[in-house]
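Quick heads-up: it's one chain on its own, the form predicted alone, in structure tokens.
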């Protein structure tokens, strides 16, 4: 058996993966709906059901599909899942995870805010205003944390860089843990003031001010988490 014969099944599965991803994007069903059945997909792509099964399993591992036995193949939007699930295994200590989260955010989010100041359209700015109002009006810590997270994700969207949003999605669960130590402990007022400064800079198209305001916000969050004290506690 030659090398090309050995590599052919893998290549065929990869081709079907790419075609399925294109099908989802092309049909504007990203993140919702269901794919046709396994047999129908096999006929559509001219491959065996085994190849379709392997391709859908691979896309499920990547967070694009969810195979529900007895129901079908559901389209989902969990492309962030593989990284999110790896964080606890890679960094088992919670305090260290939160410290590295803040470092990662400092490397990513100030630049995302600067790009948002340059690229945000009117609807994206209106969306940021709506989310900021939700934070200001939030009646409890849970709703404040949800609004805080949504604000940062909306900035990543407005940056025009989809990798920024994917990374933030991957860090979302850990981000909730960090916000429980900030908003949950000291309240939402610091976040409101910081977000207001970031929003004004984006509205004014001032990339440098947006970057500075976001950096100040994340650095303050790192201090508010009181990580040195957290590290003295038993691992979470």
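Numbering follows the first chain given and starts at 1. We call the rigid core the largest set of C-alpha positions that still match within 1.5 Å between the two forms. As the structure is a computational prediction, the values presented were derived from the model and not from experiment.
Heads up, the form predicted together with the DNA isn't pictured, but that's what we're talking about next.
> Specify the contacting stretch among 192-200, 176-184, 205-213, 36-44, defined as having any heavy atom within 4.5 Å of the DNA in the model of the complex.
This holds for exactly one stretch, 36-44.
> Test of understanding: in the model of the complex, would residue 73 fall inside 4.5 Å of the DNA by heavy atoms?
Yes, residue 73 sits close enough to the DNA in the model of the complex that at least one of its heavy atoms falls within 4.5 Å.
> Would residue 50 count as a contact of the DNA in the model of the complex, using a 4.5 angstroms cut-off between non-hydrogen atoms?
Yes - in the model of the complex, heavy atoms of residue 50 and the DNA come within 4.5 Å of each other.
> Although the partner isn't part of this model, could you tell me whether residue 61 comes within 4.5 Å of the DNA in the model of the complex, counting any heavy atom of the residue?
No, residue 61 is distant from the partner.
> Is there a non-hydrogen atom of residue 172 within 4.5 angstroms of a non-hydrogen atom of the DNA in the model of the complex?
Flag for residue 172 set to no.
> Going by heavy atoms, what in 53-71 lies within 4.5 angstroms of the DNA in the model of the complex?
53, 54, 57, 67, 68, 69, 70, 71 sit within 4.5 Å of the partner.
> Is residue 42 one of the residues whose C-alpha moves 2 Å or more between the shown form and the other one after the core fit?
It does, since the residue 42 C-alpha is displaced 2 Å or more between the shown form and the other one after the core fit.
> Using a rigid core alignment, state whether the CA of residue 16 is displaced by 2 Å or more between the shown form and the other one.
Moves: yes, 2 Å or greater.
> With both forms fit on the core, is the shift of the CA atom of residue 66 between the shown form and the other one 2 Å or larger?
True for residue 66: a C-alpha shift of 2 Å or more.
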